[in-house]
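In the structure tokens that follow, the same protein chain appears in two forms, which are kept apart as structure 1 and structure 2.
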Structure 1
Amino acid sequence: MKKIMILGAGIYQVPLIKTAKRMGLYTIAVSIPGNYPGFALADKSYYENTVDEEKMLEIARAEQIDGIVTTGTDVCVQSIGNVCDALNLCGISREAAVIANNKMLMKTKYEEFGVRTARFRQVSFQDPDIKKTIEGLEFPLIFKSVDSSGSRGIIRVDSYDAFDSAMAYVKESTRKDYFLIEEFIEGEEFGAQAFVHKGEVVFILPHGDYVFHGDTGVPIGHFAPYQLSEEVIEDARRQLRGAVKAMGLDNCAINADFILKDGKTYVLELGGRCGATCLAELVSIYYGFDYYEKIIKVALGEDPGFDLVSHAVPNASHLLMSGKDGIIVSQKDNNPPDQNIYEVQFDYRPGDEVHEFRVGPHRIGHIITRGETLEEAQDLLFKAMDKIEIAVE
């Protein structure tokens, strides 16, 4: 029986763990201790921090695993690269993962390889003359911590007056003594899921994003296909392929963040793992295969057999959210059975505590729909969401 090690045991790793089990694999889940649903599903669990590269390698060696993978999170990708390198497993290399985990290294590579990205400068927190360092950049700007994710340590800056407070803000979210200043691109955010296998980009699927505007933008849903002109899509694909090459990503899923401005795609960042918020499902429905299964097969060094010709099923997803802090008193899906409602998931049970939605981890469930057309899928998404009642007191 082959052994797969899955890093993370949260809501986004649960379907990956379930799929591994269904494939008959001995499934090992690793995560920091906590109330994570994946532990109960795996054959064996380790309660360790997945960021700890040494520890992950120690477990991988002791268990003699055949593959290691995650989905929906960036934090453990470097540990995965380290294990893949050390044990000669199929997956992202440590070198590529290091680049993916540091926005400065990533952007420097993009520049070097001619990938379109916002103009930027590396800036030391001690820099006595930042104005000079960023000469040539134009307002509005965005200050970024290079080693965080989930929009932490990222803030828009519209004037020199805001520099000090913005720097203090960034500093709270980084372990580095420098940060990134880049030009703020006023445009439309979108994304893409992609997969690179044996040096070939197997598919690129651009998708639209529903965004919740709180302290920062938080993705709360996605849809595909994303209707752009052929020309724009081709340019986005070109930028993504360039970014994959620049970063040296191989044998991994890819989660790409883009901004579209004047018909041109700017690459914000690429992660060497599948996206969260129903994005694996978006790929599965669109192409008509089980994406989690493909991800696992590649991690095991098997042939994934991507079959991309037969399907192109429009679909859409949205998180379920609470408007206030409190306890769930009841939750009910009042939708009549409908084959185009692909999934309604409640993350919690009555009696559980939930939060007013501000960031992704505050989700309390999700809904995924499909349709003959994108419009149909999106229509159904919002109508069906209205019929889901979650009472929080």
Structure 2
Amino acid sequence: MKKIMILGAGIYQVPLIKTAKRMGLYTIAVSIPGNYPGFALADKSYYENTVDEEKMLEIARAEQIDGIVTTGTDVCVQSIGNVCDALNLCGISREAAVIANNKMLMKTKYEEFGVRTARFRQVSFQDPDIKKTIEGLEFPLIFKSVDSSGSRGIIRVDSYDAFDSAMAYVKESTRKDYFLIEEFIEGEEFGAQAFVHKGEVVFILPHGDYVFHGDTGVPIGHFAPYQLSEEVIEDARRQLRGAVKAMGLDNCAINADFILKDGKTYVLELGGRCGATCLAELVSIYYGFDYYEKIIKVALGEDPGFDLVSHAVPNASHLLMSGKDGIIVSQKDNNPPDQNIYEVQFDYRPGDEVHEFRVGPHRIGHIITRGETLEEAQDLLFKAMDKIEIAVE
């Protein structure tokens, strides 16, 4: 029986674990201790920090794994690259993972390879004259932690008066002594899921984003297809292929974030893993295959056999969120059976503590719908959301 090591045991790794077990694989889940649902599903669990590269390699060697993978999180991608390099497994390299896990290295590579991106500066937290360091950049600005994920450590800044508080916010989310300041591009945010295998970008699926506007924009849902002109879509594909080359990504899923301004696509960042917030499901529904299965097959060094021709199913998803901190008193899905309601999922149970939504990990569930047209899928999505009752006190 082949062994697959899955880094993370949270809500976004659960489908990966379930799919691996359905494929007849021995599953090994690794995560820091916590009330993570993946632990109960996996054949074996290790309670370790997935950013500890040497510990992940030690476990991988001891278990004699055949593949290592994650989805929905960036923090462990460097550990995956380290294991793949050391054990000659199929997956992202450590060098590419280091770039993918550091927004400053990523942006520097984009600039070097001519990938269209926002103007930026690297700034030390101890910089005595930040105004001089960022001379030439125009407000509004974005302050970013270079090594965080899930929209943490990112905040918009509209004036010099907000610098101190913004720096303090970013500092809470980073292990580095520096951060990134870039120009905020006023435009339309969208994304893409893609996959690169044996040096070839197999598919690029642009998708629209539903965005929560707090300290910065946080994706809370997605939909496909995304209605763009062929010219804009081709430009986005060119920029993504350029970014993949710049970063050295290979044999991995890709989560891309873009901004569209004046008909041109600007690359915000690429992750060397599948996106969160139901994006693996978006790909699966749209193309008509199990994307989790494809991701696992590539990690095992097998032929994934992507079929991109026979389907193009419109679909949409949205997170379920709480408007306040508290305890879930009750939750109920009042929707009648409908084959186009693909999934309604509650992450918590009555009695569990939840948070007012500010960042992605504050989600308390999700809903996914599909339709003959995108309009049908989106219309059903919001009608179905209205019939979901979650009481928080």
Ligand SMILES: Nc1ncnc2c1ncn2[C@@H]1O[C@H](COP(=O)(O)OP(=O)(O)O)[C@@H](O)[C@H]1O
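For numbering, take structure 1's sequence and count from 1. Only a predicted model underlies this, so the values are computations on that prediction, with no experimental measurement involved. Rigid core (definition): largest C-alpha set, two forms, superposition within 1.5 Å.
- Two forms of the same chain are shown on their own. Structure 1 is the form predicted in complex with the ligand.
- Shown in the overlay between structures 1 and 2, fitted on the rigid core, is a CA shift at Tyr169 of 2 Å or greater.
- Phe179 is among the residues whose C-alpha shifts by 2 Å or more between structures 1 and 2 once the rigid core is aligned.
- Fitting the two forms on the rigid core leaves the C-alpha of Arg156 displaced by at least 2 angstroms between structures 1 and 2.
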